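The chain below stands alone and is given in structure tokens; this is the form predicted on its own.
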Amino acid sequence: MRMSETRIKLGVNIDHIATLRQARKDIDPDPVAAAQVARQAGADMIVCHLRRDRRHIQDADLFKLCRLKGETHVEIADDKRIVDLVLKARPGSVCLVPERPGEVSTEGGLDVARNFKSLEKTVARLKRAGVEASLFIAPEAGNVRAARNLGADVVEFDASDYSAAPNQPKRRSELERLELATYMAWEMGLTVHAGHGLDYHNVAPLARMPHLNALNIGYSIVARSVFVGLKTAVGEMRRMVD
């Protein structure tokens, strides 16, 4: 059971439902239907990544997901054309993430210092539109300060170093790194999410961290759903997070 006073949010990323559909470019499985099942099973947010290459979530999916009741959290690159499209769909929140051609999945957090001016402009644009602005960053003090200076509402810490830790000492070290960054962000008034590589075997220690608002998890839930069904897979993760 989580030790903090508030229930942590579970964001369920449905990208890989769309990945399976796009393998045949058919209509099934439908990520919008998956989103509805995930909500019924305990998801607080539906998360999706509208990539430039449209390898999974498509434009039509985005608009349908944003019309569903409940919170839809959209991940995008800092690209004006993508931002234009997403603002038309009007999700509740947007997370800016790095995006590289040919990558299998997102590789590391944003280089905030190098892209400060562009990110600042995009964050301001999101906030003017009434959309909560989040940045996907490595759990480092410099990134947290930069996110605060940019005017972000939320930081999502890249948990991949924790998730990929080869042994318990390294995992404990990475967990401490995340805890320190989370406390710093919380002190600065930022809402804190974490995600990337989290699964049923490693999520519990993160879920007990103070001042963490949400965990965003996708691939492991979709993979588990192949064997037990999506409703059960989300429900199992919900219990792990609680």
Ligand code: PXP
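Please read all numbers here as calculations on a predicted model, not as lab measurements. Start at 1 and count along the sequence shown; that's the residue number.
One more form of this protein, predicted in complex with pyridoxine-5'-phosphate, exists but is not displayed; see below.
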Next on the checklist: To test your reading of this chain, name the stretch in 64-72, 191-199, 27-35, 204-212 whose heavy atoms come within 4.5 Å of pyridoxine-5'-phosphate in the predicted complex.
Outcome noted: 191-199
Checklist entry - Within a 4.5 Å heavy atom cut-off, is residue 13 in contact with pyridoxine-5'-phosphate in the predicted complex? => result yes
Next on the checklist: So in the predicted complex, is pyridoxine-5'-phosphate close enough to residue 185 to count as touching (4.5 Å, heavy atoms)?
Outcome noted: no
Item to check | pyridoxine-5'-phosphate contact at residue 115 in the predicted complex, heavy atom, 4.5 Å | outcome: no
Checklist entry - Using heavy atoms and a 4.5 Å limit, would one call residue 97 a contact residue for pyridoxine-5'-phosphate in the predicted complex? => result yes
Next on the checklist: Pick out the residues of 153-170 whose heavy atoms come within 4.5 Å of pyridoxine-5'-phosphate in the predicted complex.
Outcome noted: 156
